[in-house]
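Heads up, the chain shows up twice below as structure tokens, two forms, tagged structure 1 and structure 2.
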Structure 1
């Protein structure tokens, strides 16, 4: 699979500067970059100089406002041209979104069946936050809150200009407690922070049920040791789509499916759209617990736990003697 990393962050938060630096690091050799700029005339792509093995493709218009098929088509085209030898054999894709973009439609495009069929998988979401203006931006711009809330990693830019930015750190920790916060000092950052995958973060899930809220965005983390039947997972996702819907900014999880205990299933959802699970070859550690993270508005940890309990009780009632046999 080719990992696709989303680099997002509000206008002026330093995405392009960061990307330009990263593309000069050896870790980012063989990277295809899709830069999305708002407006018909792009500038950012001229600011990013790719190496011999990497290249930049420009998309104009706001990705989240146009049909997500545009992005799907762009990615599929890149993969096809890679196979034909028309473009360098890239090993990853980085999408730099416009600063005004809602990340949800972009994530849906990356996790779509079409993208999966092209051999693409979500690698992670990195969100830049301006240490100088970030606090005010979060207070003023709802889109910047969404960008920070869905991140797998937050990067504080321009921290050399802002000192400690203690209030902003507190705000970000409350908004997205599970995302590690790194600093880009003078635009420099360890390139490795962008190369980890979604699964790495779930694998590193060490907290038990966790629930924090800042403003009206909540992050719920649920861990359970009992394997979950496939039918329970199906019904759970259906109810989440019905009752959390647009408020669910992101759902991600690694599931120990009772029928396939040796093949963890990775699930993703954004708003009411859930994607077919990606099955890993095996567990990478001795920790085989199911771990679910939900980020969004109007969520309730108690409701999710009660929902799982009621679905499991119903399934047990319907088929008490049909305990799932591991396949």
Structure 2
């Protein structure tokens, strides 16, 4: 599996500066980077310097739904060249998006390419927020709100110029209470913050439920100790895709599948597209609870719980327990 990390954030939030510094660090060896820009002129090429062991793929154009096919083609080309030995054997991909990019079609492109058997899987979303102008940007630009809301991790940039930025921290905590917030001082940050993936620490599927109603975006968490049958999971994802559609900005979870109690499944979804579950080799902790996180509009914990209960009741009537199929 090759994890793909999405580095997003609104215009001027410091993504390129951050990435340029990180590409010089030893931790970024064996990393392929796709840089996308808004506009026809490639300006980031002059700003990014890659170490000898890093392969950088530069692309022009904003990463949005109108050029989604280009992103998929770029990822497929990278994987093919890796297999042919044309480029160094990178172990991960980082995509730096345009500041105007909607994260949803980018995540859909990653999941669609992974479904084709490329070995790619969404590793996580990291969003940069400018400590100086971030509060005003969130109030003015709906795109910046979506970028922050779907993040697995938030990075506060330029905090050396803005001090504590207490109001912005409160705003981000209300918008995305589940995402750890890190600081980049003078463009410097630990590479592990960006290279972190959901597969590294299952603990980061936080266990406390938050009911957030910021900018009409809800962030809810479902936790259950009872294992979930594979058919229940399949039907649940189909129902969420049908009923939530574009309103579901992000879904992620770790699932205790009844048929495979020793191998947790990691799931990701955006709008009506869901990545095939990634089966891990085992649980990293004694906690084997199923945990689901949903971010979007028109969501409620009660509705999701009732949906799960209805699916389970229907399956209990029509589908007896069956032996698991081999993975």
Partner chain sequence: MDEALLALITSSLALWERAGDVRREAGGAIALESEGHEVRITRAAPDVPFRWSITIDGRARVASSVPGLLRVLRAGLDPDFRPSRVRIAPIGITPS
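What we label the rigid core is the largest C-alpha set whose atoms superpose within 1.5 Å from one form to the other. Numbering follows the first chain given and starts at 1. Keep in mind the model is a prediction, meaning the values are calculated, not measured.
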| said: Between the two structures, is it 1 or 2 that corresponds to the form predicted alone? | reply: 2
| Core aligned, does the CA of residue 313 move at least 2 Å between the two structures? | yes
